[in-house]
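What follows is one chain in structure tokens, specifically the form predicted alone.
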Amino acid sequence: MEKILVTGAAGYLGSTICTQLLQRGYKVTGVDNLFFKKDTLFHLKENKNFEFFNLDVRENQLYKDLIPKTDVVIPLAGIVGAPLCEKYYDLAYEINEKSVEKITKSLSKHQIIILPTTNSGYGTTDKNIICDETMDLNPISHYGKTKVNAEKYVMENENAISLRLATVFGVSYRNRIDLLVNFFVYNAVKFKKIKLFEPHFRRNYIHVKDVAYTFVHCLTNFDKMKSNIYNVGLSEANLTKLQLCESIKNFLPDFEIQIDKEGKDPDKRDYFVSNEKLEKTEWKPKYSLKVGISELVSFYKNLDEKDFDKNY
């Protein structure tokens, strides 16, 4: 049974990924500094194949005691999103980039690393271009640059896979409201309206549970997938921000979409993405954008009013 080390285990992605790995019979060691102080791994505490360490990825114990005992490392710990990376500029560099470099250098030639990064590295592209993994990257935000640099370090290792994730959505054990689909649905449920700036900007989307499934898929198909980079997104969900809002409006007809001509996107992402390379490995996502929107609508509607102001 493979032993897998997951940093950032208590986060939005981490809590779902750890859960799926354990369900598939892997032994999982979770590492997290519990920055958000949420007990998102409570449901795993009694699992005999799960061990948790309250550690920061900059602490030596990770490299001295934990990494040498594992077969696979999934480095999820990070400062995520353009606004947060600007706010914690130096910390984002240390966690998103330098810690991944240090983890990669500490691995033996027999150990595996699977890195989640972001397709925000594509930046802004021409309307006629479909971004695939062969394209030169053009990250605009500090967030995008740290993730692109981390990918370069990881792909120097032949036992590596990098997953360029589309914008993730859906309900997890530690929920996030700042992700685009989640945020738009939140506004539609609570306020019944949204001010939408740069509505023509395009993105690709993927459900958080399909992200977790993708890591399992990589592990079970590692020999034929290793040493490669893959876009991870729903091919039918290459949408503009306005199209996304219109999809939400199908579930919530009272949702008012107000176009703000003055607002600017700090990340300046604008691209369509090809997921064909990953699909050719017989990867098939299970959760559509419609399913995710429906799930989020139900989730937000069932929150008490006081819970809307919490860090979901």
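In this text the structure is predicted, and so the values were computed from the model without any measurement. Start at 1 with the first residue shown and count on from there.
Below: the form predicted together with a small molecule, not depicted.
- Proximity to the small molecule in the predicted complex, defined as a heavy atom within 4.5 Å, holds among Val181, Leu219, Leu239, Ala166 only for Ala166.
- When you look in the predicted complex, the only residue of Tyr287, Trp283, Tyr63, Phe36 with a non-hydrogen atom within 4.5 Å of the small molecule is Phe36.
- Residues placing heavy atoms within 4.5 Å of the small molecule in the predicted complex fall in a single listed stretch, namely 158-166, out of 126-134, 185-193, 158-166, 219-227.
- For Ile103, no non-hydrogen atom is located within 4.5 Å of the small molecule in the predicted complex, even though that partner is not displayed.
- By the criterion of a heavy atom within 4.5 Å, Glu256 is excluded from the residues contacting the small molecule in the predicted complex.
- His207 falls outside the set of residues with a heavy atom inside 4.5 Å of the small molecule in the predicted complex.
- Although the partner is absent here, Ala77 sits close enough that one of its heavy atoms falls within 4.5 Å of the small molecule in the predicted complex.
- Although the partner is absent from the chain shown here, Val57, Thr118 and Arg176 each have a heavy atom within 4.5 Å of the small molecule in the predicted complex.
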